[in-house]
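First comes one chain, alone, set out as structure tokens in the form predicted on its own.
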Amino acid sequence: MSVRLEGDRVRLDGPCRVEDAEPLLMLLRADPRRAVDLTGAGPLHAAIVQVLLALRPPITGQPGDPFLRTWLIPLLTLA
């Protein structure tokens, strides 16, 4: 599984598939103040992106994936 809870943040590692969307949603709903660390994130399934866009958790870390850095991070950090 690519989604795991580490202290007060949710860490996404490697490719995040559709089956990771539900655990991500549950972790973020359980505590809306949890940040999501994208440092180790690889390609994200659209379902993961939808959860992040819908819940707008604080985002930490810069992913190595250029697409995520260029397009997704700015979208998720818009006020």
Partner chain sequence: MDELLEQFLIEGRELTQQASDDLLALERDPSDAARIDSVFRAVHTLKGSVGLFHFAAMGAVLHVAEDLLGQVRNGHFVADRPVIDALLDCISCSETWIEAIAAAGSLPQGADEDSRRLQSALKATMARDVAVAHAPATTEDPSWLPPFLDRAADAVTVTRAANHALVALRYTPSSDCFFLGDDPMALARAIPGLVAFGLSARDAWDAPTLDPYACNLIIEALSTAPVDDIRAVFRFVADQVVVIEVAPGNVAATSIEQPQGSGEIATRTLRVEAGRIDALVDIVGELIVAKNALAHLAAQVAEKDATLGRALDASQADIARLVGDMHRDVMRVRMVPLAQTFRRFPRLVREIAGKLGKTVNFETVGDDVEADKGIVDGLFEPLLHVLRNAVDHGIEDAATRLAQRKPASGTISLEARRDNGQIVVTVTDDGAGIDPARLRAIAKTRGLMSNAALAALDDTAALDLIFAPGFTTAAAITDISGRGVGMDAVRSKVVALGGRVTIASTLGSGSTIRLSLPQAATVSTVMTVRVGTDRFGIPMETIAETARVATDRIIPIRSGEAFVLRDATIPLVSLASLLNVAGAPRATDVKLLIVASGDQRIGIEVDGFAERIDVLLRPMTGLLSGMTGVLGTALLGDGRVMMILDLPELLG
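Positions refer to the first chain, counted from 1. No experiment lies behind these values; they were computed from the predicted model shown.
Beyond what is shown, the protein has a form predicted in complex with the partner chain; the following relates to that form.
In the predicted complex, the partner chain sits within 4.5 Å of a heavy atom belonging to Val49.
Shown alone here, Ala54 lies within 4.5 Å of the partner chain in the predicted complex, counting heavy atoms only. Residue contact check for Pro43: one or more of its heavy atoms lie within 4.5 Å of the partner chain in the predicted complex. In the predicted complex, at least one heavy atom of Glu22 sits within 4.5 Å of the partner chain.
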